[in-house]
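Below sits a lone chain in structure tokens, taken as the form predicted alone.
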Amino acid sequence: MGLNYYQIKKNVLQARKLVIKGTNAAGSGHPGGSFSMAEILGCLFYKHLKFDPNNPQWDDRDRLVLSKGHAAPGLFSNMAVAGYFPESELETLRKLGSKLQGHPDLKCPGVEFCGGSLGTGLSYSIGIALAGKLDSKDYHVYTIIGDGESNEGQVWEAAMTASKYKVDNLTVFLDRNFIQQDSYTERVMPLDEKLGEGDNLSEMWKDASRWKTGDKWRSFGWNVIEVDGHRVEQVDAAVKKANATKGVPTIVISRTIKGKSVEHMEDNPQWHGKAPDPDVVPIINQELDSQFMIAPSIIAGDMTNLENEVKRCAAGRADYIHLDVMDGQFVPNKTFDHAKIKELKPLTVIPFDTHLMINDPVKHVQNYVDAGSDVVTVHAEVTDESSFGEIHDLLKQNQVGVGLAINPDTEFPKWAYKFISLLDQIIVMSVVPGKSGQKYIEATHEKMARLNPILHEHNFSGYVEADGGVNLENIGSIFADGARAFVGGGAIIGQQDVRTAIKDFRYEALKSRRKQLLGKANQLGGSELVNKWIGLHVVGEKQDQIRRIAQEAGFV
């Protein structure tokens, strides 16, 4: 069974947009902490949690306790996406008579805990977990606590209790975003190491030598797992490890970013509890729709040691790993098949994006599912409506992402229009497949201009992936065309320092996104809204960088 990677990402995106809708309608709320736990909730709801929205009190359901109850918009938005109530109800957030209050309330079917007074959710969760054991129930309790609420002594009393009673049907996620209501946690009551006046929070986030929180929980007798809380695959792996651990409770210390996915909210204490203004909501929604990913293509590396290339991708923090399977028939070259992918899969939890450049993919796709592919893309040139429908159904049944690729001389086929809303990925080849070292085909820009209206008309919600000849010089223009996933061959995996190459790719795509958002602000409100948008970016050097882009574009 696959990771369900793209479906989780789609649902997380929708949940974030609902948080913005709800807090904007209410004029108050907590988007920052809702966004920092977004991938945690997404992975739980759409991969691991046993629940039935039509029967919220089902005895055998897993329990999800949100101890950091002020982040209720994040919980409610996921409940809406999961089908507990219509998404439109988020517009009633915090209004009199609504079941969606500022903190979770049992009046809302599906809510397990009235989160209000911080520090109490873990104690409550231990009670539910112990009750499950006494009643011989097979449910699991998942609890999300905040790092600010970890100032409370009750959290640590509960930690001792869970360890004493060996509550192994309890998994706790610590949303470690370093920010609480008043300031940065490390300046209030450090869980890791105190921040000095000149310290940069981002450096603390990166420097594992300063992380002490895990040692604290280990000393209380807990199984401790530490992850990047915004990496779906790491959260998924942590849940699997936690569920397999017997005799002790587990805490997953999730390093997160408050306000993640909206630049001006990220790492900004102002957005602990504040709603966005209505005039910037359309810009925020465009920013959320413009998240992007970088994927190295390992065949551009050492083909005699692909194991090492996968490890380089993992060390470089690739979003996923692109695997080009060539059969020597559909394309002139031959690379590897499902057997090699199965060998490589145990090396990393990073998703595998398998691009099948082979004939008759319908006959072989099951092998690539079994090998551990998280996304499988086949070519339109060797499929038709019937065979692709069969491939789509097989992949979806196995929670594997579905992709369709088109060659440079292929327009998107009419038979595939019916599948557009169901696709997770569309690869627009920008080089002739099967040949290495080619330059980006410039006509791909015009091709994307023709394709975008078709995708919009048919409600495409996946990622357009640019594959072939993508480099630092053209990634910005390719982003502007509408691509949101970028495969890098020689420009990434061909470099000695993969991590720096990926970081540079991200920065160039980020600059293009910033320019688009400034253009949106200019379109909606002229220079006044442009200046307001720039002014929101107060953390680090973002404001100066964005202002320079605005000046170069003539928006200010």
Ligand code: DX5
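Heads up: residue numbers just count along the shown sequence, starting at 1. The shown structure was predicted, so the numbers you read here are calculated from the model rather than taken from an experiment.
What comes next is about the form predicted in complex with ligand DX5, which is not displayed.
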- Heavy atom to heavy atom, is Gln438 within 4.5 Å of ligand DX5 in the model of the complex? yes
- Message: Under a 4.5 Å heavy atom criterion, is Met357 part of the interface with ligand DX5 in the model of the complex?
- Response: yes
- Is there a heavy atom of Arg176 lying 4.5 Å or less from a heavy atom of ligand DX5 in the model of the complex? no
- Should Lys258 be counted as a contact of ligand DX5 in the model of the complex, where contact means heavy atoms within 4.5 Å? no
- Determine which one of 138-146, 292-300, 265-273, 418-426 lies within 4.5 Å of ligand DX5 in the model of the complex, judging by heavy atom distances; exactly one does. 292-300
- Task: Sort through Glu112, Asp467, Glu309, Asp481 and report the residue having a heavy atom within 4.5 Å of ligand DX5 in the model of the complex.
- Result: Asp467
- Item | Contact residue in the model of the complex, chosen from Gly476, Gly116, Gly389, Gly434 - any heavy atom within 4.5 Å of ligand DX5 | Gly434
- Query: Considering only 469-498, what residues come within 4.5 Å of ligand DX5 in the model of the complex, judged by heavy atoms?
  - Reply: Gly469, Val470, Val487, Gly488, Gly489, Gly490
